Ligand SMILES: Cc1cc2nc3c(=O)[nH]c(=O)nc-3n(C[C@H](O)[C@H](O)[C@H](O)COP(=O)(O)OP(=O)(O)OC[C@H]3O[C@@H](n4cnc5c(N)ncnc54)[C@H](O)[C@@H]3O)c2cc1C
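Single chain ahead, by itself, as structure tokens, in the form predicted on its own.
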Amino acid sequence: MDIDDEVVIIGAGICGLATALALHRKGINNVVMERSETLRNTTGAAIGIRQNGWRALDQLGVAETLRRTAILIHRDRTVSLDDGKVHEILMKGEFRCLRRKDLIDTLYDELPSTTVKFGCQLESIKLDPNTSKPVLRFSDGSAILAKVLIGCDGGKSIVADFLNVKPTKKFSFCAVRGLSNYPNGHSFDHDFVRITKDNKFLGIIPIDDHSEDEKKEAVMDVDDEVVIIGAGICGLATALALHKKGIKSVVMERSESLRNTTGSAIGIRQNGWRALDQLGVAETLRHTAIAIQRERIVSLADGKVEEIPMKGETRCLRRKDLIDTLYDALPPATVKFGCQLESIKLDQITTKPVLRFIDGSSIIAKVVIGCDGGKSIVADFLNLKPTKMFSICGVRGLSNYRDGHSFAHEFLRIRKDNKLVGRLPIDEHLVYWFCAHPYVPGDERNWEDPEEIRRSTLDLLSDYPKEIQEMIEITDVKTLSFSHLRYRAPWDLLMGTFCKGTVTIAGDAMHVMGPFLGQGGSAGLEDAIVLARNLAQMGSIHVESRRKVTVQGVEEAFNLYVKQRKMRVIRLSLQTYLTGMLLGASSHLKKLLCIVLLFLLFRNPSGHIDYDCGCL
């Protein structure tokens, strides 16, 4: 492929991101190819930046942001434990020690949203014999023809090997480094302390003066109008919907980076695509997945095959594609990583929700929307009953056929006894599959290792067709997952309270359900549209170029949101519950009861896809 970008940079480390940002500032289009699946901001500890480095950061336009994250080092103090001598000199020029994560995140946030391409591990470089342009071949078999190439791929650089640079050499010593957090604060001066003894050297540099105890007492009133907990599909969709309505929000995510490497794929039905169209990201996502044309249900017990034309638009999206697309459409710095919520309570004076995080920090929020999944702390605050477990569990994964697969554009379901295997092609090479089977207590311990998941699934499906066995054998182990399926009971949804003051929930936090209808993700997207629309219409006023929320209006908007969504999610949850009970039922009587209830309550089994969440 001949790449459109003017410059290809290999490696999204400090130098790679800084080079991309410098080129961006000069108007030169570039792309950064990074081998890891996410931003490498959790490896390494910290890095000292001297005066010359700060000059460069000033030119990049990020120095002031970074200065706020680290104290100024005043002295260089060397202590010899051999003879007790102490040597102190004033630090020449500006010197600060930055957390590597702060530096990486700051550079990344300044770049255009699609600059960095993850999961692109360079394998080799050669020159094209016709154009003399560099041809880059990656470990997944893809190749690109680049105009300009800059290697920022570290000490074991493939680009350096292409240039015939001699291999790096090793010193005769090694190093250990780390970050230490003093819960009660440290008493170190703003010094770079070096302690030597024999042939050992210890260096200590303080990054900041803040202690955990000081943070616990510092309760910050957040500037953003809405605080969203959780940067999953529903959380990002809600933030994007609010952004499109001019309402500022911040998303607090517990993990240190975007959770786009967990999970494998998600089916989006017609109602979900209506919501994605309203968010303005549907066309981008349609290019990543083929349309599913039909359902084919195969019973291995009696050989029966049933084919049904697929009603409405259905596609299977890689979860990573959906998460990345939603994230890229948000303003930079909307998502705050490493913010794990610990508890919520109402401030006694203002009655605003106070969010306390596990690092000891707290914020007073105007509005809180919990999109924090099936084990939601926000749902606990609303006193919702705990989620329950189905008697079945699920395995899922992605299989990549390098030379392409020959599967039809169909949702294939194969049943035998109480086991169900589903297969949906994502594109002409990638296939998503799942296997549902009865849960055995203690299964989690036996299914923790991805290779064990593969082996156990192959044993479980040993009597299934050969193409199913081959599909599981070539599955990327990084995409394999095992889970005991959980749900929020329909009767708990009927009786539950989904908002309290200016706090509400959406997505799995409200209505986690089994995967049997393929509606979990789509229902969360619907929540985002309805929630943002009501908040804009009733819960905010227009001020200058954006909308500001009003407490009384938010409460009315949330009450209407719950009213509009409650029966929809109850019906989805009930149909999913009965389908799951049918699959896991051990007696004929239970199966018959589930079949009768499904027939009486849901005469049109696919009617759930006809729902329209309306315009944003």
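Given the structure is predicted, the values throughout are model-derived calculations rather than measurements. All residue numbers are counted from 1 along the displayed sequence.
Keep in mind the form predicted together with the named molecule is missing from the figure; the text below concerns it.
- No residue in the set 240, 327 and 410 has a non-hydrogen atom no more than 4.5 Å from the named molecule in the predicted bound form.
- None of 511-519, 493-501, 454-462, 286-294 except one has non-hydrogen atoms within 4.5 angstroms of the named molecule in the predicted bound form; the exception is 511-519.
- Taking non-hydrogen atoms only, residue 485 approaches the named molecule to within 4.5 angstroms in the predicted bound form.
- Contact annotation: residue 341 falls within 4.5 Å of the named molecule in the predicted bound form, judged by heavy atom distances.
- At the 4.5 Å threshold, heavy atoms of residue 234 reach the named molecule in the predicted bound form.
- The named molecule in the predicted bound form comes within 4.5 Å of a heavy atom belonging to residue 259.
- 252 is the sole member of 431, 146, 252, 367 with a non-hydrogen atom lying within 4.5 angstroms of the named molecule in the predicted bound form.
- The listed set 360, 134, 353, 373 contains one residue whose heavy atoms approach the named molecule in the predicted bound form to within 4.5 Å, identified as 373.
- Scanning 81-102 for heavy atoms within 4.5 Å of the named molecule in the predicted bound form gives no residues at all.
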